[in-house]
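Let's start with one chain on its own, the form predicted alone, as structure tokens.
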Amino acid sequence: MALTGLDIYKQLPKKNCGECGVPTCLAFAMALAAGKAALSSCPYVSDAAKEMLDSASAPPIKKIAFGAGVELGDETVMFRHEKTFYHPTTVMIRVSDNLSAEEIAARVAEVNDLEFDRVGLHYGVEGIAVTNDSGDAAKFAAAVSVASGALAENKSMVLLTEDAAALKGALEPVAGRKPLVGSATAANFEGMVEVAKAAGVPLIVKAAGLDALAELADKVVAAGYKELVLDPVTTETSKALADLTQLRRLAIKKKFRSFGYPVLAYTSKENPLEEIVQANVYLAKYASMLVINAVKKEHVLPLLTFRVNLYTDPQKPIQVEPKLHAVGDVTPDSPVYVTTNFSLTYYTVQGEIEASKIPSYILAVDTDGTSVLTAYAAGKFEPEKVADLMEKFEVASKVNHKKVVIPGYVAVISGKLKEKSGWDVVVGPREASGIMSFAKANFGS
């Protein structure tokens, strides 16, 4: 079990120097016990104390890295509003070794193509999970080889078999990709640990039932390996949700070290729409990684969009770069609109301008990612700020007129903005939906 704040305090130097950023050693000890401070912040703690306090200072869920920069775990809270979530759920597409070489290559090509640009963000799935469904070691190795050769360099791999010898044979040629491998069970964990440890790759530990999973995880750790991902082996959605929640709660709230690792979940629904709904449940609570079958863009995009929304810091909304953006083939006659850098606001405005078919400039004001009215109420959409931004990005050199369009909701700043900028200020529509008719009436040929 984790140490209490008083247990930690006993090991600290008790200088109350404040160099750790906390006024007293007792306050620092309490923050450390709550997972809100790092032991390295104290410059005077002894090596002996460091060793003793290692478990208390470690994150409740260990960070596991593999492949092309994939990171799992290292989460410290149950709910993102308590702090934030750091490592978005990794999504891998299942590739069976029962497929032919041509089918494997085609499926991997589809995975490579699962890339999306949306509201200024670029995202996609992280890679593939090759499964030894055939039970044939040679066939598994061949499938892994074909899949690896077809997989983009920025994608990662998971190798799934319960045969240690088959895993070793398939892993050696692709060891450079640093895949996640599995699965270790009560019957094979010694051999699987040996293979994973030799290759320096993380290992999936698989057991049905939380008691059995904790026992097996402890055995693997006792065997000398701690780079683990847990698989609670559940296929029914409600049971999986309960297990994933319990695993997270015991790791975060109770500091139960046996469950202090990232967790893997598999979808089981055959209908792709039902599968994505199931995947969303696991993504929300609390799978660190998902292995799914769906590979069509129209199925995967909703899952990835939900992931982006869930893992966006609630205190820092998605934003676009605050600068002068060109929409279409702009000319010196193009109108200039002003809005905020809140992604939803900006792309709504951009969409309406594109629909008007009148190339325009959009000056995105840095409002810390808040909407027009919210920004104005908070003093972040002020005429001085807009005027300074117009000068910074040399808007006057881009157009042969001196007219700037502001949102109708902040018409009140028009006089001050004209005074500060020297430009004529045109009050546009309140809602973005009015931009098309406004643009055609004011700037149409």
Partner chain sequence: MAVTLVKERWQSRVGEVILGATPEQGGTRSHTITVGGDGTLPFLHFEGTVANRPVVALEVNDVEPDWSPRLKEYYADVINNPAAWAKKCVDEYGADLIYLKLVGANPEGANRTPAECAQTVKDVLAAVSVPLIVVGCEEAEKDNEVMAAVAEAAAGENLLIGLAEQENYKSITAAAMVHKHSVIARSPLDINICKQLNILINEMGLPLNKIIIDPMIGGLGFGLEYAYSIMERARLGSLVNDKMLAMPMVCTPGYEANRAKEANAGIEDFPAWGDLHDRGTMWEALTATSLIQTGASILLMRNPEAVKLVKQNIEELMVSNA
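We call the rigid core whatever largest set of C-alpha positions still superposes within 1.5 Å between the two forms. Everything quoted here is computed from the prediction, not taken from an experiment. Residue numbers count along the first chain shown, from 1.
Unshown form predicted together with the partner chain; subsequent notes refer to it.
- Although the partner is absent here, Asp424 lies well away from the partner chain in the predicted complex, with no heavy atom inside 4.5 Å.
- Among heavy atoms of Pro302, some come within 4.5 Å of the partner chain in the predicted complex.
- Within 4.5 Å of some heavy atom of the partner chain in the predicted complex lies at least one heavy atom of Phe342.
- The partner chain is not shown here, and in the predicted complex it never comes within 4.5 Å of any heavy atom of Thr84.
- Per the 4.5 Å heavy atom criterion, the partner chain in the predicted complex is contacted by stretch 230-238, the sole one of 230-238, 180-188, 148-156, 97-105.
- With the partner omitted from this view, the residue of Val193, Leu363, Val281, Val174 that lies near the partner chain in the predicted complex is Val281 [heavy atom within 4.5 Å].
- Checking Ser356, Thr348, Thr76, Thr131 against the partner chain in the predicted complex, a heavy atom within 4.5 Å turns up for just one residue: Thr348.
- The putative spot formed by Asp211, Lys254 and Asn309 is fully lined by the partner chain in the predicted complex; each residue has a non-hydrogen atom within 4.5 angstroms of it.
- Remark: with the core as the superposition reference, the CA shift of Ala68 between the shown form and the other one stays below 2 Å.
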